[in-house]
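Here you get one chain, nothing else, as structure tokens; it is the form predicted on its own.
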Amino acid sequence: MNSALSLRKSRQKRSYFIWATVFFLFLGACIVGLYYAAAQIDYVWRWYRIPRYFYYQEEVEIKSGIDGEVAAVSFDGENVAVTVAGDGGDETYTAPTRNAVVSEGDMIFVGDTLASYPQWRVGILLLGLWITIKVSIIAIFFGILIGIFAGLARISHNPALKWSAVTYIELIRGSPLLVQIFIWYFVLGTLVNTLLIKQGVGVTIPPLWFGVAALAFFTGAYVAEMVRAGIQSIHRGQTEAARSLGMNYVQTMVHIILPQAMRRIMPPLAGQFISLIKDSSLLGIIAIRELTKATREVVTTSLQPFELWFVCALLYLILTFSLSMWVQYLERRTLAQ
């Protein structure tokens, strides 16, 4: 008996290592094939250029705003002050550097460089990643709120609430997200901003918030169906027991039904939020520089499509995988309680 069990474990272990080897061989073949295909089209890989699109050092130049003569160049520690004497008066320019490119007595014209110093700046890919994260977090937050209210209205006995929720859910789920983004930006955005201008407000809503609204309402429709299904999966006896203890409808939902329903709908919620992060890439069509649009702009200027699109895909993978791990952690905690 023990020998048969040991033999079975040995076979399983051997089979595991064989198939693991097959996986890594296949992965290596894909990488080699990609490299070979790129070599056939004379593509030059330039991975060393990628870091500059995350963080780079820029040379900042201090330029003169008037014509005149350099009256004084003084140093205070690591700072420099250049005074330019012009016909209309003197102007002093300061910079956090000792690298002044002019001397006393030099003739200066408008736009001439007086001093320069290096400064680290955030690259376009990191800025796009931040916009993607910000948009996704805000859309997820409002999507959850909209989904909970719409889900509760969906199972309400009030016909106005129920029919409104059904109409909202079917309209949103029955049309593409791209079309909804166009409607929010070109139709609703134009109407709202035009009304604000005519009312003399003087402030218009930027495209970012119309993109967030489109994602939030789109996500809310799917969350509403998850909430409805989660609530209806709870046995009716839970509601009857709560009502017998003197709880009203709101107390029953908040303290009894919704906590149990949220545990059951957490896995599909995680999938919906992961899809939301990827769907945020569509916001580039309304001039929001999220990660995909930022990558497209860099590809246009650098002509490095292979490296940049691989990096873009990797950044999305990091975001979605991190969210998935966090949701799994929350799920384990709720099950342990």
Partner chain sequence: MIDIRNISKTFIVPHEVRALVNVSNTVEAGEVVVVIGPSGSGKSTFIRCLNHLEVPDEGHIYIEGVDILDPKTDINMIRTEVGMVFQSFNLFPHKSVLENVTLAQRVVRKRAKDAAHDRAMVLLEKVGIQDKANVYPDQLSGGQQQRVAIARALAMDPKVMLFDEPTSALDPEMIGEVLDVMKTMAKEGMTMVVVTHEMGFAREVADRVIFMDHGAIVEEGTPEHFFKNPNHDRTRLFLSQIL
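Superpose the two forms; the largest set of C-alphas matching within 1.5 Å is the rigid core. These numbers come from a predicted model, not from an experiment. Positions refer to the first chain, counted from 1.
Quick note: we don't show the form predicted in complex with its partner chain, though the next part is all about it.
Trainee: Counting only non-hydrogen atoms, choose the one of 253 to 261, 208 to 216, 116 to 124, 187 to 195 that falls within 4.5 Å of its partner chain in the model of the complex.
Mentor: In the other structure, the partner sits against 253 to 261.
Trainee: Counting non-hydrogen atoms within 4.5 angstroms of its partner chain in the model of the complex, say which of 233, 167, 244, 199 makes the cut.
Mentor: By the 4.5 Å heavy-atom cutoff, the listed residue in contact is 244.
Trainee: Of 240, 78, 104, 90, which one comes within 4.5 Å of its partner chain in the model of the complex, counting heavy atoms only?
Mentor: Looking at the other structure, the residue within range turns out to be 240.
Trainee: In the model of the complex, is there a heavy atom of its partner chain that lies within 4.5 Å of any heavy atom of residue 248, even though the partner is absent here?
Mentor: Contact check for residue 248: yes, within 4.5 Å of its partner chain in the model of the complex.
Trainee: For the stretch 146 to 166, which residues lie within 4.5 Å of its partner chain in the model of the complex by non-hydrogen atom distance?
Mentor: Residues within 4.5 Å: none.
Trainee: After superposing the rigid core, is the C-alpha displacement of residue 141 2 Å or more between this form and the one not shown?
Mentor: Not so; residue 141 is displaced by less than 2 Å.
Trainee: Cα of residue 252 displaced 2 Å or more between this form and the one not shown, core superposed?
Mentor: Yes; residue 252 is a residue whose C-alpha shifts (by 2 Å or more) between this form and the one not shown when the cores are overlaid.
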